[in-house]
Ligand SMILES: Cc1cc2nc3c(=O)[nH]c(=O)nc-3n(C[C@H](O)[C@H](O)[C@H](O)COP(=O)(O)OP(=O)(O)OC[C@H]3O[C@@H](n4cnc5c(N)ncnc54)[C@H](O)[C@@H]3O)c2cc1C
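Before any questions on how it binds or moves, here is one chain, the form predicted on its own, in structure tokens.
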Amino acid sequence: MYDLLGNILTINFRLNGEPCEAVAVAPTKTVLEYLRDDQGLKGTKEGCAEGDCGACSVVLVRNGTDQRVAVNSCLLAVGQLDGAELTTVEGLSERNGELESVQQAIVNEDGTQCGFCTPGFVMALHALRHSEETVSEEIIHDALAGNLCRCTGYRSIVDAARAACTVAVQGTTPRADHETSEAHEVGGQKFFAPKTLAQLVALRAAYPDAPLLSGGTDLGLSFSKGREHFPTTIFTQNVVEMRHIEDRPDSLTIGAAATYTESLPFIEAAWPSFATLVRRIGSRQIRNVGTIGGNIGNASPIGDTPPCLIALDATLQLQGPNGPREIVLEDYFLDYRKTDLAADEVIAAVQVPKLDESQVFRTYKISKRYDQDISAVIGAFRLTIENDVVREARIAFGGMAATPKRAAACEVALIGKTWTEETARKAGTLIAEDFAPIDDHRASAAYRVRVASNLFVRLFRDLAGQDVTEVVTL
């Protein structure tokens, strides 16, 4: 297998502007542990070790990009750093000893926390300051959503963000275009980083039980909290074909290794409601590395994107030793965590048809808090409405069954009917025919049925431009 991929690699990257080699470091050691234990950089802290609190935030320029993004170092594996540029809070101060603009603004506005979480805030805002976004109040709050500590209050931190991040930054981020290697082994632990889809498929066939690591926002928990280190791990982020996004007039194709952040502008242009949901997936730190391909491959019944993609009639593009295979996404999910993906296949991309002039799409996520929360219910609706009559309906829900699933009885109740609130209400009453959800710590079965039913009325009022905050009782 080494002959297939080339020479054993040393993980080479730049750390705080200086060349760095990780030679005898386990490739699935977390970057957080590596920074603190191997490099002595103690500014990066461990809070939750699961990508929620933001205390471990660092700034990454991934190989092949020129964008600084904030990421959770507790979920990032050292093997993912090959060819990248990494900055920690220790690397921000100017060489003359002066504080970097964000750090100084935090001091000026009294925005410091207890000290444990302050570095994570600084790194999140440093990434924002160097982004290409027009920084608004909404953008500031979104950038800070992944840093949860508020022990000295929120206002002063936002004031610091306004002071430091709304002024254009002079100069550009250097592009991380460093040569990367394709295999690494330490202590019997193999880490493969193929560069082509053909190489990835060959590795998948050779190691069918090896986990596929892309962003690591889910698998990374195995490293950070589970302390698991698999005999073989296959990293997909360097596969060129799987990073590609193709925007056509009639469809959008998203490579399985493209991140949420990279995909978001294209999703926003085609389905604004879907984009709103994507912005609620984790935090920026999560979306900067997490992928839609991973969200699908994880096959969770409460995954955020599959209900939307099913409602939009998406198709999966799979690749295996026998060549490409396409499958309608709703047929991909067979049972709880069971899919139609063969052991020697990988998800290469997802293709999503765009709406025509008679179609509308909305999706709604129900969770206990708005940001950074797992859904209790997700409803996704694509309707074809002509002359106020529903000609076609594709409705899918997450959190209501062992898999993301279409609401067949609800769809039938809508098709051929005049689109009114009464029609929507009647369709919603059939939710119990389509689903038998379970009770768990996120929501009771009765709550899930009720809220899913109510989403039909919310859909009607949303499309009609009416107030959707009024309590609905069916």
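From 1 onward, residues are counted along the sequence shown. All of these numbers come straight from a predicted model, not from anything done at the bench.
From this point on, the text means the form predicted in complex with the named molecule, which you will not see here.
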Among the candidate residues Ile327, Val390, Ile366, Ile302, which is the single one with a non-hydrogen atom no more than 4.5 Å from the named molecule in the model of the complex? Ile302
From the list Asn295, Asn238, Thr88, Gln103, which entry has a heavy atom within 4.5 Å of the named molecule in the model of the complex? Asn295
Does at least one non-hydrogen atom of Cys165 fall within 4.5 angstroms of the named molecule in the model of the complex? no
Using 4.5 Å between non-hydrogen atoms, is Glu262 touching the named molecule in the model of the complex? no
So, in the model of the complex, is Asp218 in contact with the named molecule at a 4.5 angstroms heavy atom limit? yes
I'd like to know if Pro27 sits close to the named molecule in the model of the complex, meaning any non-hydrogen atom pair within 4.5 angstroms. no
Taking the partner as it appears in the model of the complex, which of 263 to 271, 278 to 286, 137 to 145, 350 to 358 has residues with heavy atoms within 4.5 Å of the named molecule? 278 to 286
The named molecule in the model of the complex - contacting residues of 359 to 384, heavy atom within 4.5 Å: Lys365, Gln372, Asp373, Ile374
